[in-house]
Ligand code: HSE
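First, one chain by itself: the form predicted alone, in structure tokens.
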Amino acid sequence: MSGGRAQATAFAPATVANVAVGFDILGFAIDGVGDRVTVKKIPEKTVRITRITGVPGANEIPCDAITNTGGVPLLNMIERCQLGFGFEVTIEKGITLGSGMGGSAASAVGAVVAANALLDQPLSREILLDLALDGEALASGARHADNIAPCLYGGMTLSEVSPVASVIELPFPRDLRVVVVNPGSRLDTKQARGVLKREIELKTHIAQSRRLAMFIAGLCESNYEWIKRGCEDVVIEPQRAHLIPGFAAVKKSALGAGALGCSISGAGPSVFALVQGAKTADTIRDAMIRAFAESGSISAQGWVSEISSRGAIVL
């Protein structure tokens, strides 16, 4: 695999993982926010990350490939594909660090998608998914695809990683909108996973399973009442809510303004809301930002987006 192209840049979108009831298995991509990763061939069979820029704190991300979520997948790509060359990488972070919007996944996916464009024989999305998961495991301590899958495939995804990584692309109503609000604080994914109990009661498992089934059925049938009834997390959200100052008020404000559901985006601290149609989305976003501000998060910012049907792309 020598490849004819010398350099490529990929854009990888931000994502919302878990989607309330689908811990580690559900996720979707959003428009307008993401990372840009540029990959260039070099003769040495190694990975050099030369520059990381973008959002505040981006320069704190390690440039050592073995400790970088974009570098590890590329090191594994070189070994797995027995490439006769390596990669030089620059990353422009557009996703706020520790925001719960899939920043680590975006860097991993952007890296493998850009590098894939340099190969004579491009790899399948399934292999790219598997490689990108190596980066996610580095960031979160767990090999889960709820951010990786929608970032790579786009849309709303249901994913599994055992026995092999695979993705089901779920249908969803085309006028479904999402609001994402980041309070301006940072929450480490490993910390957020660390507060979770290892076991839950049987009745709680049944309640969550019922909601997950109803939520997916609602997506497939474009039934907003089912989506609304299904979008209520009784397992993870109650354990993590205390990590996000003002979360209860933000959720109450979103639901009061007409949201179908509201929960933690990924590991947090960002909060997302699902909305039927675009008409009330701005009102819901503004209400959530106000609630965060009243709780002390004066730098909160929010986005309104469709669920993006497009995943990472080469620019």
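Just so you know, these numbers come straight off a predicted model, no measurement behind them. Note that residue numbering follows the sequence shown and begins at 1.
Unshown form predicted together with the ligand; subsequent notes refer to it.
- Checking R193, R229, R80, R143 against the ligand in the predicted complex, a heavy atom within 4.5 Å turns up for just one residue: R193.
- This chain lacks the partner; the member of A267, A287, V47, V271 within 4.5 angstroms of the ligand in the predicted complex by a non-hydrogen atom is A267.
- Remark: D24 counts among the residues lining the ligand in the predicted complex, judged by a heavy atom distance of 4.5 Å or less.
- Proximity of A12 to the ligand in the predicted complex falls outside the 4.5 Å heavy atom cutoff.
- Taking non-hydrogen atoms only, N76 never approaches the ligand to within 4.5 angstroms in the predicted complex.
- The ligand is not shown here, but in the predicted complex it comes within 4.5 Å of a heavy atom of T189.
- Partner contact region in the predicted complex: 146-154, out of 123-131, 146-154, 207-215, 68-76, criterion any non-hydrogen atom within 4.5 Å of the ligand.
- Residues of 29-49 are not found to place any heavy atom within 4.5 Å of the ligand in the predicted complex.
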